[in-house]
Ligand code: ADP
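Take a look at this one chain, the form predicted on its own, written out in structure tokens.
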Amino acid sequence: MVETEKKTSRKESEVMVTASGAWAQCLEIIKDNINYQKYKSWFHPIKPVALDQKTLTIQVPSQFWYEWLEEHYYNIMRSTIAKVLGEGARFEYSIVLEKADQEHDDLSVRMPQRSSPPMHSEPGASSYDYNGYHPSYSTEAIQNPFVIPGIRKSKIDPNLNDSYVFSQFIEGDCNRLARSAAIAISENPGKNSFNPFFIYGGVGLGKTHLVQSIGNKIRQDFGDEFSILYISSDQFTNEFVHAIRNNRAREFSMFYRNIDVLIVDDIQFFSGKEKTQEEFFHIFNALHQDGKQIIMTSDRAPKDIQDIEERLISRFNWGLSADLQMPDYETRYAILEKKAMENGIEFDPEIFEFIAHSFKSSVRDLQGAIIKLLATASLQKIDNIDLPMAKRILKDLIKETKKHISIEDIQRLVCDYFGIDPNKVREKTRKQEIVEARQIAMFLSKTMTKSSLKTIGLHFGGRDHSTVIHAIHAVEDRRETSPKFQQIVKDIQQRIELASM
């Protein structure tokens, strides 16, 4: 009798759970699993609205807020609501579209929680199980070595982020070749001249976005006709190590040879890993021979990757290698405009100009700047951000993006200005255009760095300090007598200063 009363009491308490109570329990769990500042910024302002069986409706301040939570905190929110309300529980978002006065309710719209998790949820979600294996191939013992269980195209998770699409990738002179080739590949995977396709460039220039756009376009146009897999080189190596450790190397190899479109990110991290390189070499050969599409990215050109076997480097160059360069001003401006438009926020053109001039080295920096403005406007309920306010908000980010200018940077930028190979200023040549570029580079190295005359000389082919002094005096004299030459030096100096921002 007592036991029955206890069960009845427990059921009644479950029925009496309110939206506020359920959300309070969720917050306690979330608070223990993420950084406190992130918790205060993104979860504290959320309000519980209603609880209908296992659907908890929460109100967020804007569309931008909803998308940020879904992209970055999907996994933790999904697991938290399941802990609080049980299996099958879910969130629904009430998004405030317009803030009302005291006499009326806020104008809002409801959006469901996404049915499948984005790829980059926090904290550290992955489509790989805890043993490091891709879930599409089996970790069971193989009884028949000619029957590989679990290798079915329909079950392969492509590991793609749905937000990486061509329409969101702004084209400019800095990336036109790579983007055009990527589109051509997506229209005819494996049966084009760009196989393998090797994209290289610095951090934050859009390599991952571009290669995942290929995968998403193929999925959109061809459905399940092609099996696609995006994987980082580190994940590939980890899987291979686990496969060897568990006597599954053959299964590992067979799995990858069944992929139609293989995308490997940051291939430079294969450097020094001999066994991984050997395995990838054989997989590469098998895929290429079968007309499968291979796509790779790196932070440098194939010939510049250290500790990679020559036979692999040779194969990387079989197809097309395309570089992504730093975006020019016009491209940076277009990226900012599109990002703001996507979030329904209008900024004065002068704010875009300020950001485009201040963040030059990375698309990621541009996006970080615009997101910080959007987040500040949303958190502080600011309707209009003017230029002085934008400068205050982004002050710390701008400081972080400034970098130390090296002699190599100066050499490269001077030579870019004159359209000559940077190696020429280090050689012993007396050609007039080379001598002029070398002297200007030496002069700017002295005025814009803290390097000694001896150090500067060493960077210019081992010249002694007297040669550097002569170059400095020559530039100073010509600046005094030639306004045109003075303007050339000024233009180059401005380019170098902008590059350091």
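Numbering starts at 1 and follows the sequence shown. Note that this is a predicted model, so its numbers are computed, not measured.
Keep in mind the form predicted in complex with this ligand is missing from the figure; the text below concerns it.
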Verify the flagged residues Thr18, Ala50 and Lys54 against this ligand in the predicted bound form: is each one within 4.5 Å by a non-hydrogen atom?
no
Contact with this ligand in the predicted bound form, heavy atom within 4.5 Å, among Ile81, Leu373, Leu205, Ile283 goes to Leu205
The one residue among His72, His242, His209, Arg426 placing a heavy atom within 4.5 Å of this ligand in the predicted bound form is His209
Would His288 show up as a contact with this ligand in the predicted bound form if we use heavy atoms at 4.5 Å?
no
Proximity of Leu262 to this ligand in the predicted bound form, heavy atoms at 4.5 Å
no
Is there a heavy atom of Tyr164 no more than 4.5 Å from a heavy atom of this ligand in the predicted bound form?
yes
Residue-level contact is defined here as any heavy atom of the residue lying within 4.5 Å of this ligand in the predicted bound form; does Ile335 satisfy this criterion?
yes
Please determine, with the chain shown alone, which of 350-358, 363-371, 231-239, 183-191 has non-hydrogen atoms within 4.5 Å of this ligand in the predicted bound form.
363-371
So which bits of 168-199 sit within 4.5 Å of this ligand in the predicted bound form, heavy atoms only?
Gln168, Phe169, Ile170, Asn175
